[in-house]
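Listed next as structure tokens: two forms of one protein chain, kept apart as structure 1 and structure 2.
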Structure 1
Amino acid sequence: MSAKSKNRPVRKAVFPVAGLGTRFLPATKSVPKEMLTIVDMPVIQYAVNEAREAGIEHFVFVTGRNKAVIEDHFDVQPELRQTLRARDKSDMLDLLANSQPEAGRTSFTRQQDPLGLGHAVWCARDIVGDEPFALLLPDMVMQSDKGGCLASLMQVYNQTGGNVIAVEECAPEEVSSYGIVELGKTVGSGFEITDMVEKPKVGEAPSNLYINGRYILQPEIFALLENQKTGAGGEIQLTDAMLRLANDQPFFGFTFEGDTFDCGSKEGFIAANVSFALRREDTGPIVRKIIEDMLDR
């Protein structure tokens, strides 16, 4: 890979948000799972904020039916703005302004069939075009004192170029829920990835380092996704296409050290709510007291 392509900036981020969220029925009958809130902010907003903090300029959402409210969430609400202005609620106005990408900096496309994560990413190919991009799986919500996971990934990418994915350790019996990587030699603050496998059987995984849902990928992945055969679970798997891309391009890993909550599961979603509520200045003390009182009962 040439030095020029190594340094190509990452301006766009893709957010696959087409999933049905059946694990959260009946809540997700009419509300997309990405709009469920952690304290007072929808799950999708955490991923968008993380991307903005990492310098992303354009936000690409791969949606599905019944997800239009996500598009509304990232639009301005003139009546609400007017009311807040009239009531002199400048803190709320700032909050809304800060949660919103600039005009012309969002794109929405639809994954028309639920064929897997690889297919969802491929649906963004025309909007991303021929440049490296970030990919954030919004179900995975991260919390860290050392800055966002994508910002750390960008730092590694600036050292290594190529493709970079964030990983974390999981319990050996959990490997079959995730994409798992094999660790090669250390490179800067990351390491080379020598193998990847999607949802391996327990005992057959190359390590217990799982892909946590944050990626920086080169656009050549799209041509591979176009003809990617189905893999684990009968779905078109991104990990399988990444493994093919690794024949031509380097892949690096970075171990994220914060807390990650899988908000696609009830336990993860509840844990995220408790953790964010406890660590926030406005809610922390009172929520701590409520939990302590409950545990004492």
Structure 2
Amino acid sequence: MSAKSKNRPVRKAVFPVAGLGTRFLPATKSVPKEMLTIVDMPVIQYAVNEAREAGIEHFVFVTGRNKAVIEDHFDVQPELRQTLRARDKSDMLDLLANSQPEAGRTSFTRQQDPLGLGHAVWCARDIVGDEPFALLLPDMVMQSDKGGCLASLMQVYNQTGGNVIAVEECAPEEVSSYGIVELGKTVGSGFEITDMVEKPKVGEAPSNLYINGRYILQPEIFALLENQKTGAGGEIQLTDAMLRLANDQPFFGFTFEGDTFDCGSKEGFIAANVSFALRREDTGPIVRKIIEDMLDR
């Protein structure tokens, strides 16, 4: 990879939000799982805020049927603004303004068939174009005292170029549930990735570092996804295409230090609500007391 391509800025981020959220039925029959709230903010907003903190300028949502409310969430609601102004709710107006990307900074495209993460990423090809992009899986909500995961990933990318993936540690007995990476030599704030294994058997994994849902990828991934054969589950797997891309381009890893909540699962969603509520000044004391009272019963 040339120095020119190595230093190309990452301006766009892709958010795959077409999933049906069947693990949260009946709630997700009419409400997208990405719009379920952690305390008072939808799951998707946490990912968008993380991307904005990292300097992302354009937000690309790969949606499906019954997901129009996500587009509405990032739009202006004049009636609500008017009501808040009339009631002198300037704090609420500021909150809404800070959570909304600027005009022309969002794009929405459809994944008509549920053919996997790789296919969802491929659906964004014409919007992303020929430039590197960030990929954030909104179900994975992250919390860290050291700043956002994508911002740290950007720092590594600026040192290494290529493709960069965020990873974090899991218990050795849990490796069969994740995509696991093999570590190479240290490079800057990251390390070389020499292999990626999808759901290896316990005892056969190259490490206990799993891919946690944050990526910076080069646009050549799109051509590979276009002719990628279906893999596990009969879906087009992103990991399969990344392994092919690794034959021609370097991959690097960054170990995220913080908590990642898989909000695609009930237990992860509940844990995220408790953790974020406890860390907030307005909700922390009362939520802590509620939990303590429940545990004393």
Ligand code: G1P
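Predicted, not measured: the structure shown is a model, and the values here were computed from it. Residues are numbered by position in structure 1's sequence, first residue being 1. For the two forms, the rigid core is made up of the largest set of C-alpha atoms that agree within 1.5 Å on superposition.
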Form predicted on its own, given as structure number: 2
Per-residue C-alpha change between structures 1 and 2, residue 199, threshold 2 Å, rigid core fit: yes
